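Let's start with one chain on its own, the form predicted alone, as structure tokens.
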């Protein structure tokens, strides 16, 4: 039970990071109909900028603020220089171009910061742990990551559902051509959405930096999970992205932990060490296939 509680909390924490990445990606995909494979690079850039700015400014909080803003600005710069020329191109062109950006930025990162993993110190305020139950302590920082994800989810829900900008975003996701025909500057709307998505991905990268090694290509695997999240939740839906991110985080974390342990009962230690992780890595895709078989548009598709 102790192992289950710890892994469940770790799964929720992973889910919050996935939500921060997937929220921006689902808006870009839903509103702009733009397949941006390079969205995971924004997560990596945010982590590297967080480490750099924390060293320059002398603290985690300054690094978090500066890195999130600069990551958003960097995303906007990519949009102006490259992405806007791809909006009306085919999905294949978008995939090939953004995949090229992934390769390019990973190599540029190696040139600027080197190939060795970097570490980022947790803030002193959140560096301790507290007792959940007798004999079980849990890091405060991981709880803070969950709280940050919940706060962002609440803020996005208010922006998307209760503000004029959110109304335009929802309208653009439903029928972008009609919104443009009514006189709305669709290019400006796209830039707002893209900048918001880039900033959220960079914010997630800084939050994850004290928990993982900051290295080139660190966002590639999370990008795959983020696409799974938006497919399960429903393209363009913030609520769907939140629910699906929690589900994927729990299934992935609990699966990797429990299936390997359960396989020891039927297989040898060597075989279970190979089979367990392999089966666990398929779980989220099996869950996605099952959900899509029942609800092809996802759990909470964006309202038309």
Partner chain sequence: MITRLFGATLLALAAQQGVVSAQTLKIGVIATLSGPQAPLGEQIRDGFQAGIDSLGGKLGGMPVELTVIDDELKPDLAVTKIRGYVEQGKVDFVIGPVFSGIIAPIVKPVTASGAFLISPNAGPSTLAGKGCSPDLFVTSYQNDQPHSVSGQFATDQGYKKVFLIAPNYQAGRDALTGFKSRFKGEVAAEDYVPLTQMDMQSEIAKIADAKPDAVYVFLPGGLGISFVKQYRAAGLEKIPVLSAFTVDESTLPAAGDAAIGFYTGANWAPNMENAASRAFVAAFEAKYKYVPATYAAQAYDTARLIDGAVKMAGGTDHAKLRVALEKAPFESVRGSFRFGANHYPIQDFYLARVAKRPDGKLQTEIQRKVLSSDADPYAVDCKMN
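Positions refer to the first chain, counted from 1. Quick caveat: nothing in here was measured; it's all calculated off a predicted structure.
In what follows, reference is made to the form predicted in complex with the partner chain, a form of this protein that is not presented.
Partner proximity in the predicted bound form, defined as non-hydrogen atoms within 4.5 angstroms of the partner chain, places exactly one of 198-206, 113-121, 182-190, 153-161 at the interface: 113-121. Within 4.5 Å of some heavy atom of the partner chain in the predicted bound form lies at least one heavy atom of residue 142. Using a 4.5 angstroms limit between non-hydrogen atoms, residue 256 touches the partner chain in the predicted bound form. Contact annotation for residue 222: at least one heavy atom lies within 4.5 Å of the partner chain in the predicted bound form. At least one heavy atom of residue 6 is located within 4.5 Å of the partner chain in the predicted bound form. Taking 149, 210, 234, 72 one by one, only a single residue has any non-hydrogen atom within 4.5 Å of the partner chain in the predicted bound form, and it is 210. Heavy atoms closer than or equal to 4.5 Å to the partner chain in the predicted bound form belong, across 5-32, to the residues 6, 7, 10, 13, 14, ordered by sequence position.
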